[in-house]
Structures are given as C-alpha cells and as structure tokens.
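So this first bit is one chain, no partners, the form predicted alone, shown in structure tokens.
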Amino acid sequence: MTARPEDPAPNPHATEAEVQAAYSDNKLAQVLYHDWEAETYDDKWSISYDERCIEYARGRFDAVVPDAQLPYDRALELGCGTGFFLLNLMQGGVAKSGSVTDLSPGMVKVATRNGKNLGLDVDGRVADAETIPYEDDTFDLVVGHAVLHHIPDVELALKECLRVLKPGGRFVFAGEPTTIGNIYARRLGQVTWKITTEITKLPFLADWRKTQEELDESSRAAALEAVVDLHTFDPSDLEGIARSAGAIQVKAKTEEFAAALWGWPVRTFEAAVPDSKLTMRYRLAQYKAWLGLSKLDEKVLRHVVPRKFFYNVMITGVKPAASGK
C-alpha cells in the first residue's frame, strides 16, 4: 500500500457486509478492524504516554535486551497502532527519532498525532509489514508490539525487518500471544462476556448494561478480531522463524501467567459494561493487582512454570554485520 497517513481514513464503523467481505480478504479485515479501533484504542487498553506506560514499554525492551547501548539513532515501528510502543520507548530514552507504520490509515493518523503532541521526532506512513517501503540499511532498531500475530507471513516480515536494518541493527517484538496462553485467555474471555451480559439483563443491574446497539457493535468488532488474529506462537518455534529469516543473537522470553489469568476476565468485563461504571479508583486497583501478579510471575512462577504456558512472548534478533546480500 502506498497511501500516505494524511489520506482520509476509511469509515471506522464496519458494516455487516464489510465484515462478511473481510472473511475472504484478510488485509481488508486488518484495515477495517484497526481503523474501527483507532480513535478509541488507547482508552480501550488503558494506553497512556506517561510514566506508567513508559515504564511498561521500557521494561519489555530491557527484558530481552538488557545490555543495549542507548539511544538508537533511528527506529521503525511495524503495526504501530496508536504509537504506544515506539513513542513510549522514545520517551524512555531508547531511540532519538522514529517512523511509525501500520496497514491501517486510521492508526497511523492517531500515532503521528500522538507523537506530535508529545513533541517527538516522528513521521508516519501507511505500510504493509511484508513489503516495508524503506530502503535497505535505513534503521538502527525495528520494534513492534502485538503485531506479528496479525501478519500472514511472519518470516517474510522478519526478513523485511532485517533488510531495512543497518548491519548490527536489532529488532524487538513484544506482546505476542503464545499458543497455550491464547487458549485459556480466549476461553476466560468468552465465559466472562457471557456471564456479564446475562447478569446485566436483571432489572436492578440495568444501568450496568450497555445499549443493545453498543453490544451489537462489540460483537461485530469481535467477529473482525477473530479474522485479524492469525497466529499464536510457541516460543521455541518463534525463535526458529527468526533464525530462518536470517537473524542472529535470537532470544525469546515469555511473561504473564497469573497476570493473564486475572487480566483477561477483567478486560472482558470492562468491555461489556458502560465506561461510566469504571471509576478511576477501580482502574487503579486493577492496575495494582496486575502489577502484583506480574511480579509473582517474574519472581516465582517463571522458575517453575514452562515458558510456553505464559501468555505473552517477546522476541529479539540482530542483523548480521555481513548481510550476505
């Protein structure tokens, strides 16, 4: 795709007909779903660009690259969404300047706007991760968060990352679902949605129920989400894909076991009830609970639970000094 981010974004609310068409056109589904989510995505996932999310993004980066020589001069983010990962990494001192890319014009529009509002040196481009529209040896760092599972050919995308990286440059991807983690997360979400939407039908809980129009829209979004989520990963298999793409110094690390078992029902409940019911006190309590369970995962469960049972996997690799072209 060669459209620029200043081009008008498609209608963010997909119709039933568009959802049906997306079942046979995955990249249409990617654009429809992510354009749909663009303007509300930060609120939906409690994304911010303050110390809380700077610490989170930097923590993911440091987990797989603990000895990096920072800052990198120029970084690229694939599947940037609203810019959460790269913008917070830049604020955390990981990179001086950056380029945000996404298949969704709506997401690129929001990400570049967020970067401008933060005063960061960022440009944006609508781009397909399988054909990255930049020259060879352009970037020092390529990053992404929760993007690889949306890309049809992951190995091709990683080859493209290595192509646009300078020799010795590194890629870091985080927030990818593991195969086992995705099974229990989805089931927990489905059960929580069913229980919540049924209970809120009771007359005395009517003000806890979203309107039917909102629930129907959520269902259409969920239908698209089922189309755009293409992969889950076994950590060892993902390392193998990265090596096959040509990367060296490949390492995968997983996180969130207890935190995922808690977090997925919470996130689903929050999606099923009106935002007005989710007070700041409630949100802060849930965040503190997630932090505590994440520490339990890191300090204790990591040593006794096999890494493939954790929900999220991170992967890093380096472009060889001799690119072999």
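It should be emphasised that the depicted structure is a prediction, and the values quoted were computed from it without experimental measurement. Residue indices: 1-based, along the sequence shown.
There is also a form predicted in complex with a small molecule; it is not shown, and the following applies to it.
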| property | result |
| --- | --- |
| Candidate from 128, 140, 160, 239 lying within 4.5 Å of the small molecule in the predicted bound form - any heavy atom | 128 |
| Interface residue in the predicted bound form among 88, 178, 99, 104, criterion: non-hydrogen atom within 4.5 angstroms of the small molecule | 104 |
| 4.5 Å heavy atom contact with the small molecule in the predicted bound form for all of 259, 265 and 290 | no |
| Candidate stretches 90-98, 145-153, 197-205, 244-252, one within 4.5 Å of the small molecule in the predicted bound form by heavy atom | 145-153 |
| The small molecule contact in the predicted bound form: residue 27, any heavy atom under 4.5 Å | yes |
| Partner contact for residue 124 in the predicted bound form: the small molecule, 4.5 angstroms, heavy atom | no |
| In the predicted bound form, residue 84 touching the small molecule (heavy atom, 4.5 Å) | yes |
| Residue 79: touches the small molecule in the predicted bound form, heavy atom cutoff 4.5 angstroms | yes |
